[in-house]
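A single chain comes next, written as structure tokens; it is the form predicted alone.
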Amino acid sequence: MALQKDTTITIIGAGIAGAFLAILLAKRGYKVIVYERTSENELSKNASSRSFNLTFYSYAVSVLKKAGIWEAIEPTLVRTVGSITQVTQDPPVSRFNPTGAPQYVVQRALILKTLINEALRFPNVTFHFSTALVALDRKEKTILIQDLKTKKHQTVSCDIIVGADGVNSQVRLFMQQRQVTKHIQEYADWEYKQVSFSPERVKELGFKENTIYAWTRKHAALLAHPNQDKSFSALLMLPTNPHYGFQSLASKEVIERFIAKQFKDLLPAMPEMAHDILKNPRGQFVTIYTEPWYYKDFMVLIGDAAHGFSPFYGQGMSAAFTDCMELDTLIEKYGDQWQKVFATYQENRKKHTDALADLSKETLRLYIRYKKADYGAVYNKVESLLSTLLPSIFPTPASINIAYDPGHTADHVAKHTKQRRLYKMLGISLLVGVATGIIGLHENITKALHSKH
């Protein structure tokens, strides 16, 4: 279908979703202007100190290949081979990648820088950093922006506006004004800070290469991902309360006692951990369900601006990529019928991102559990085992299907729900309950014996 190549598309937000969409739109010949309120250096710095490593599976690889940028992205990735988890203070448990799909981790700052550089290769793409969105006029189709360095304001006419400005999206606020809006923004009762382990410290701690590590305690959890330079980036997660939260870790001495109690194997890294805990900002796990995602033929939301969820299901970046690819596909189909493009995009995507949000909340709960006797965790393991041993009878778990095809998450979840109803009829739910009870009894006996000694 013929496209109006003289259309200028304005993207607010130079994060992963905004930069990736800029590449796709530039390939179609559109003029793309990206506004980002932070400086380019601050954007990278914030992504390093506040963020967490991103994970994705084979679907994201296929998207990057389709977009023609896989060769640029691949050098930034680490392909993981498995994970090692320690629940409470029990011996750690090793396992291979549970999904069976290739799993990669990447530092947000590295992939973001690469995506921006790839976008800047197109002469029809322009980035304006240190530029804030101040106001938006839907009737006149203009935005008021401010150069944060010079403090000067400017009114800019826009053909299309894309909100790619994250969970606290300004575009979403302006767009949903005077519309029938449904918006839920939930905050988990756990927070996080990023801590880092240098290559030298990693060697001293005996971490295996290309392996994800997790430690879960009653009032703390730590999740560490490998980096290309042999260092590890980790999320230290604590409850949001004054007794066990980050407020309680106000000095190096207190932090040393905390690490000795919760993560004694990591005591050699105490100086670096204390530095990061005291210096790095706290982050929150936010879940967003919102609609609408668009306003007529003028505005649309992508990425975290449209759907925010915690990272524990490993599909956050893939969801942003899928948004962009869906828009690209619909532009190919409907051309400059923008309201049709945006309405169909929301209809096709929202149910699946809502399902991912639900799964991410449940997976966060599993990450911060401090007992092996967890019904949900045991059920997942039993289900995976049955699928491996008797694949003709027991279908592939939903997590594996979603890893390969996150764009249809809601469909996979619906199918999985039906499967579990059948499992209940077959008595598997009862089996899982008995197994959970036995595991719990063993844990309690072991704990009692340990306390006597």
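Numbering starts at 1 and follows the sequence shown. Everything numeric here is computed off the predicted structure, so don't read it as measured data.
Only in words, not in the display: the form predicted in complex with a small molecule, which the text now covers.
Enquirer: Within 4.5 Å, heavy atoms only, which of Arg37, His408, Lys31, His416 is in contact with the small molecule in the predicted bound form?
Expert: If I apply the 4.5 Å criterion carefully, the residue I get is Arg37.
Enquirer: With the partner left out here, check for me: in the predicted bound form, does some heavy atom of Ala14 sit within 4.5 Å of the small molecule?
Expert: Residue-level check for Ala14: yes, a contact with the small molecule.
Enquirer: Decide whether Ala132 counts as a contact residue for the small molecule in the predicted bound form under a heavy atom distance cut-off of 4.5 Å.
Expert: Yes, Ala132 lies within 4.5 Å of the small molecule in the predicted bound form.
Enquirer: Answer with yes or no whether Gly316 is in contact with the small molecule in the predicted bound form, where contact means some heavy atom within 4.5 Å.
Expert: So Gly316 counts as contacting the small molecule.
Enquirer: Taking 4.5 angstroms as the cut-off for heavy atoms, does Lys350 touch the small molecule in the predicted bound form?
Expert: Heavy-atom contact with the small molecule at 4.5 Å: absent for Lys350.
Enquirer: Name the stretch: of 340-348, 265-273, 175-183, 317-325, exactly one has residues whose heavy atoms fall within 4.5 Å of the small molecule in the predicted bound form.
Expert: Among the listed stretches, the partner-contacting one is 317-325.
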